[in-house]
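In the form predicted alone, a lone chain appears below as structure tokens.
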Amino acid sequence: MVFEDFLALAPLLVLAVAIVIGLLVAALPGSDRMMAGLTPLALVLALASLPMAAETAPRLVTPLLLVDGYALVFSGLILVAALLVAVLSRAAFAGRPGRPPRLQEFDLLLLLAVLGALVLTGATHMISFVIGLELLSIPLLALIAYPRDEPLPLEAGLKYLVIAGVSSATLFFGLALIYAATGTMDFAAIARTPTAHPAFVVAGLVLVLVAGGFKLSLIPFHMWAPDVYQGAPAPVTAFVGTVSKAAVFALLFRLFEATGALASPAPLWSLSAIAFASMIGGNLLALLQQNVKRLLAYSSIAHFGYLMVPLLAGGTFGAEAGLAYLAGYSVTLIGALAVVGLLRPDASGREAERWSDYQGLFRRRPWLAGLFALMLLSLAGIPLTLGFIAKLYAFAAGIDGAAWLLLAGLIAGSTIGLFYYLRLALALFAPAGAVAGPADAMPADATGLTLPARGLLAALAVALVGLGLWPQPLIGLVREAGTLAATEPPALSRPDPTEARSWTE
């Protein structure tokens, strides 16, 4: 490795050094306060190092990682989302009754998971794929079960453990089939390598798609999502719904572009069927929910069904649309779950999950209710919000790829989604007793609203409306980064395509 390689890896190195320092700090008195400053600082420094890494891009750092515009913009999105989660989690846990839990372990696990997510954005090899995915998934198990003295998070963590095991086993089997047929672990080399067993490659890619479906909670691999979203603390739910899924999506897009997987009918039609079922099924199931976190879980299933439209469209514009959609969805979901995590309806310390917890919130906390309503409108794709720009990008990607059936699913799913988003938004302005709930239901009020939390919530609202009214900065950013995930650095040479037939042919 040369100096430029270390520059390209600067965001990952910053996080790795912060994790080592955090492990040493954890043994000192007052480590909780130290980690409260170290974690946001590490994420800010990693963000600040992205321009330095961009000066070397595109650069292949060993055969494992490709640092290009695509990886860097996804890394920026992940780091911003993680920074929001890190700050808001402090406020959410501080609002719990009794003594707040020590969060230094929480912060260390968060940094480890973010490091794994960054590895996935640049992975171009099966080894970096597996390392990044496990580095993301294993800390996530403990984060979901945090704090460990409460039964519901422990149950959610155990369920995620089972699903993560099934997902990993499916992934490894799929990668083994691909390697057995091609003899290579490099994504770009898979499509160029002649093989006597193309069916093995197709079957392997379908299994990788199934593993990705588990991670993205797409139908029919969605069973874990409602229970995990409900059981995990709201900040961790936000992390699962944004950072974890964004990293997996970035990896799948690069993998399918590099291998040309969607040129084969089996992966193409499998993914199309999964996307359509997720768009319609996720919204229909959300209509039946009376728990806000479960509603957001089924909503997430639908939104990642929408996100499959840019993935199927592929190419430069598909990458642009995917980035834009994830940016809009991440800002919106983190804002919505921040409100959920900050509200406490009773002395038990539970989060505000019931619809009745939100009745009349506008009379008690008008700005917090307005923020939550704004997030719901953005999730619904109402114009003048960032969510509308994201939906518009997904729709344009579907037109570009002539995916007419998926466009019909996107329109139908968005229409269904309007009902439950607006119904929940109306509950914020309803008088006491107007929303059905338990007889002893008490309206929720906000706790733990620290100054940093207030500032970040205000910044989210400004970003949501500002980019909805003037989306040019976002469009310019994703357009610059929308290079194909399969693009190789100029120093790498491609073999003569006439020397070997692709397995997709």
Partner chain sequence: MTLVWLIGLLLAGGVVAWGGERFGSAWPRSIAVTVMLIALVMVLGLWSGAATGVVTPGGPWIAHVEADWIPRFGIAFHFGADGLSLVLVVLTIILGFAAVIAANIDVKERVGFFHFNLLWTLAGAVGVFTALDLFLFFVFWEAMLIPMALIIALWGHEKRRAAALKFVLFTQGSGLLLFAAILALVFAHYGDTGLWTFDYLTLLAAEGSWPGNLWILLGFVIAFAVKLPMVPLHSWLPDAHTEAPTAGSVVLAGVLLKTGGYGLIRFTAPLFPEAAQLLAPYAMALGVFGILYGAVLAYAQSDFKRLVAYSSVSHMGFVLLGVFAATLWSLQGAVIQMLAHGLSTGGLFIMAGLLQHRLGTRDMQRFGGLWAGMPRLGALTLIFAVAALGLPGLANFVGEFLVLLGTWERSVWAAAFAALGMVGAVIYALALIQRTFHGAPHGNPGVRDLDPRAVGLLAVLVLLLAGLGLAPQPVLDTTAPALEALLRLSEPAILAGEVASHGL
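Positions refer to the first chain, counted from 1. The model shown is predicted, which means the values in this text are computed figures rather than measured ones.
This next part talks about the form predicted in complex with its partner chain, which is not shown.
*Asks:* Could you spot which one of L28, L469, V44, V462 gets a heavy atom to within 4.5 Å of its partner chain in the model of the complex?
*Replies:* Residue within 4.5 Å of the partner: L469.
*Asks:* Which residue, E351, E257, E320, D357, is the contact with its partner chain in the model of the complex, using a 4.5 Å heavy atom cutoff?
*Replies:* For this set of options, the contacting one is E320.
*Asks:* Is it true that L377, P383 and I411 each have at least one non-hydrogen atom within 4.5 Å of its partner chain in the model of the complex?
*Replies:* Yes.
*Asks:* Taking heavy atoms and a 4.5 Å cut-off, does I138 contact its partner chain in the model of the complex?
*Replies:* I138: no, not in contact with its partner chain in the model of the complex.
*Asks:* Taking its partner chain as it sits in the model of the complex, is Y393 in contact with it (heavy atom to heavy atom, 4.5 Å or less)?
*Replies:* Close contact exists here: in the model of the complex, Y393 approaches its partner chain to within 4.5 Å, heavy atoms only.
*Asks:* Given that the partner is absent here, does R363 sit within 4.5 Å of its partner chain in the model of the complex, heavy atoms only?
*Replies:* Yes - in the model of the complex, heavy atoms of R363 and its partner chain come within 4.5 Å of each other.
*Asks:* Does the 4.5 Å heavy atom contact test between E105 and its partner chain in the model of the complex come out positive?
*Replies:* No - in the model of the complex, heavy atoms of E105 and its partner chain never come within 4.5 Å of each other.
*Asks:* Hey, of 230-238, 72-80, 128-136, 423-431, which bit sits against its partner chain in the model of the complex at 4.5 Å between non-hydrogen atoms?
*Replies:* Correct option: 423-431.
*Asks:* Determine the residues of 399-422 with a heavy atom within 4.5 Å of its partner chain in the model of the complex and present them in sequence order; the list may be empty.
*Replies:* The stretch 399-422, when checked against its partner chain in the model of the complex, contributes I399, D400, L407, I411, S414, T415, L418, F419, L422 at the 4.5 Å heavy-atom cut-off.
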